[in-house]
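Only one chain is included here, represented as structure tokens and corresponding to the form predicted on its own.
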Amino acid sequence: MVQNADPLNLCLLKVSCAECSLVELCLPRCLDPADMKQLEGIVRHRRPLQRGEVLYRRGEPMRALYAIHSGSVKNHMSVPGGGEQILGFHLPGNLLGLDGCGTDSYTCTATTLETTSICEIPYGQLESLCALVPGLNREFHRLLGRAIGAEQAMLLMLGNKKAEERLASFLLHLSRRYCERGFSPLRFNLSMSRHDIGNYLGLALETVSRQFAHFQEAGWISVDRREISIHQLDALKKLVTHTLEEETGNIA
């Protein structure tokens, strides 16, 4: 599971990009050592942000992309009536700020869900480097494509699934993402609240709580505060297979 940052973890921010275990997730994978060193030279390591701090706000000029080193972040935007809509949750290795590439300003707000360490990549310097380093521009277009694909998968989930399928899909998606980061796919912390999960999935808080209880009663998962243990991964997969695999391929 992802551990919160503490003073001892601050030394991790000094690790070079080439040595970082998350480099395969957040930075281009095909760069040779010399090109990676150039990219690493523009990366800035910010102070750790505490839970609830805003990384950037909707409408602000896009000045940088941000890679999560540890912790987690939610993207959200205000909706009529004073509420908010959560657009996504982001874990270590995720790159934030790509939504601003088309308009030169961020289209949503990014807020930390827990103590979070961020690597900042100034966008102006990145654009200049893309013009000098072969393949870098192509790789960042690949990252943009992945972001668009994630949004399409979200729309599919909200449009075609029942409540239990939405929550199962969400847990499976988190399981896969934690596995990609070298953590257990069967036991992890939910840094987001039940309310945030419901907001993201388009479900009422009561519905989310009821579905969690249903999964526990079935023996598929167990919940200890915010720690989730998945006991029957195949049962969750089976629940969503008829919609998810037919539309988007394998789920894990």
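Everything numeric here is computed off the predicted structure, so don't read it as measured data. Numbers follow the displayed sequence, beginning with 1.
Below: the form predicted in complex with the DNA, not depicted.
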- request: Flag residue 225 as yes or no: does it have a non-hydrogen atom within 4.5 angstroms of any non-hydrogen atom of the DNA in the predicted bound form?
  value: yes
task: Evaluate residue 206 for contact with the DNA in the predicted bound form, applying a 4.5 angstroms cut-off between non-hydrogen atoms, and reply yes or no.
output: yes
query: Is there a non-hydrogen atom of residue 59 within 4.5 angstroms of a non-hydrogen atom of the DNA in the predicted bound form?
result: no
message: Check residue 184 for me: does it contact the DNA in the predicted bound form (non-hydrogen atoms, 4.5 angstroms)?
response: no
statement: Interface check vs the DNA in the predicted bound form: of 37, 45, 195, 63, the one with a heavy atom inside 4.5 Å is 195
- request: Identify, from the list 95, 136, 163, 86, the residue with a heavy atom within 4.5 Å of the DNA in the predicted bound form.
  value: 163
- request: Using heavy atoms only and a 4.5 Å cut-off, decide whether all three of 202, 210 and 213 touch the DNA in the predicted bound form.
  value: yes
